[in-house]
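To begin, one chain is listed below as structure tokens, in the form predicted on its own.
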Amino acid sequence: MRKIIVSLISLITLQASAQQADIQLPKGFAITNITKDKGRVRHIAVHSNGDVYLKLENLRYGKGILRLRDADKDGVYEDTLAFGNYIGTGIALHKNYLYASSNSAVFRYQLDAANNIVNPDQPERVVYGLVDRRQHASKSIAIDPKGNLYVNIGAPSNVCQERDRMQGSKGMMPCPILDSAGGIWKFRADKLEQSYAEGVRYATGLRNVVGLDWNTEVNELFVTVHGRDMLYQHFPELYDAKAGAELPAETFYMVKQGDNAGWPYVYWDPFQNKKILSPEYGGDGKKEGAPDAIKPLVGFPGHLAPNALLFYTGNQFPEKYRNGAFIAFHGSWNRNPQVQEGFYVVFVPMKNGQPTGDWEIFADGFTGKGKVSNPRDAMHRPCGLAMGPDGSLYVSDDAKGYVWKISYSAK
């Protein structure tokens, strides 16, 4: 599990305002709040000119995308453009286009030479008709340098039972959901009006991938996965309350085309370091399953909700962060009777696509009150990550609509 070597980093607390939590960072880092009260800000993207794009889960005055611009470069984002009449999570920049997702489609907007949206009210539709059954409906996206578009299609299910989330209901074998969800689909970013027929199921057995990013060091896709729920609630004879809070692990994978991560048949147990057969499929908490399923790079404690993944490729931060992974944990809701966990940004040191050390908490204190028993008590919930052109790290919050900029100075 995690080993946070506090002796190597001294944490500092920065008082931003009476309405903002005190965010704790390693020594040498500073945090600035660039905007607040923007609604449920999900994923974010930062353009090479410094414009910050926010994707909203709920419409704000009828719009689901905000562009923030610091026109005079004084650190104040005084110019805001609102557009897009749909909700969603995914947003990305590629070449001269902004891409954004609803819960069933992906759109794109052309940028002109001045980096303005050419036609904000008439986006082009890149992909349509994706599964949207409310549960795990968000469509996170990533684009590789060759113009391939990767879309998460989360499983509208906990563990593919005949009756979802019902105690005693058996898991379906094979799981019919995997035909159109529970994985990553690949499309072309430069082709319009694509459906499932034009796409490729790139990887499967992934319950719900909210965080994904392309690693340019090794040219592979990496993802973070929300694990299943209700082991203790449905199988108290096999799992006690503590095990139910810690299992299964939230997982971090490198995925290649054709990979299968094993959902719903298995889950990752970080204590046994094994893929354990799900009890809905005959598991007993010890029996292994799905021998051909890939193993995660890291297994984090259960239910922390990894909502964003970003590989750091900038030069501003110290060398240890180069090509490492930042992950934003949105925070749990179902670790009772334990306190809820997450609500922070962590860092995984990496080289050549593999972890080189233990993960550590990079930014903490977002709850504003330490540990919480209910996620609604958290002041802020980290959700999106992006890197600015100067190498700064941006973090969004979908509780109160804040966005922060984290910078480093050796002074």
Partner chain sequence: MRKLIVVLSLLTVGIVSQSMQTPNAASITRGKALYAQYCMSCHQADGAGAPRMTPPLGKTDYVTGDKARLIGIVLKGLNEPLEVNGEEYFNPMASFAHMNDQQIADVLTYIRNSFGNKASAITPAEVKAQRAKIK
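Positions refer to the first chain, counted from 1. Not measured: the values here are computed from a predicted model.
Beyond what is shown, the protein has a form predicted together with its partner chain; the following relates to that form.
K.L.:
Does its partner chain get within 4.5 angstroms of any non-hydrogen atom of D284 in the predicted bound form?
P.N.:
Contact with its partner chain, no.
K.L.:
M230 near its partner chain in the predicted bound form, any heavy atom under 4.5 Å?
P.N.:
Yes - in the predicted bound form, heavy atoms of M230 and its partner chain come within 4.5 Å of each other.
K.L.:
How about D364 - does it come within 4.5 Å of its partner chain in the predicted bound form, if we only consider non-hydrogen atoms?
P.N.:
Although its partner chain is absent here, D364 would stay clear of it in the predicted bound form, with no heavy atoms inside 4.5 Å.
K.L.:
Can H47 be called a contact residue for its partner chain in the predicted bound form at 4.5 Å between heavy atoms?
P.N.:
Answer no; every heavy atom of H47 is more than 4.5 Å from its partner chain in the predicted bound form.
K.L.:
Of these, 60 to 68, 47 to 55, 346 to 354, 34 to 42, which stretch puts a heavy atom within 4.5 angstroms of its partner chain in the predicted bound form?
P.N.:
The contacting stretch here is 34 to 42.
K.L.:
Considering non-hydrogen atoms and a 4.5 Å limit, which listed residue (N334, S104, T204, N148) is close to its partner chain in the predicted bound form?
P.N.:
When its partner chain is considered in the predicted bound form, the option within 4.5 Å is N334.
K.L.:
Which pick from E198, E288, D164, D79 sits with a heavy atom within 4.5 Å of its partner chain in the predicted bound form?
P.N.:
Going through each option in turn, the one that passes is D164.
K.L.:
So, a 4.5 angstroms cut-off on heavy atom distances: do all three of R134, R381 and D398 pass it with respect to its partner chain in the predicted bound form?
P.N.:
So, yes: the whole triplet contacts its partner chain.
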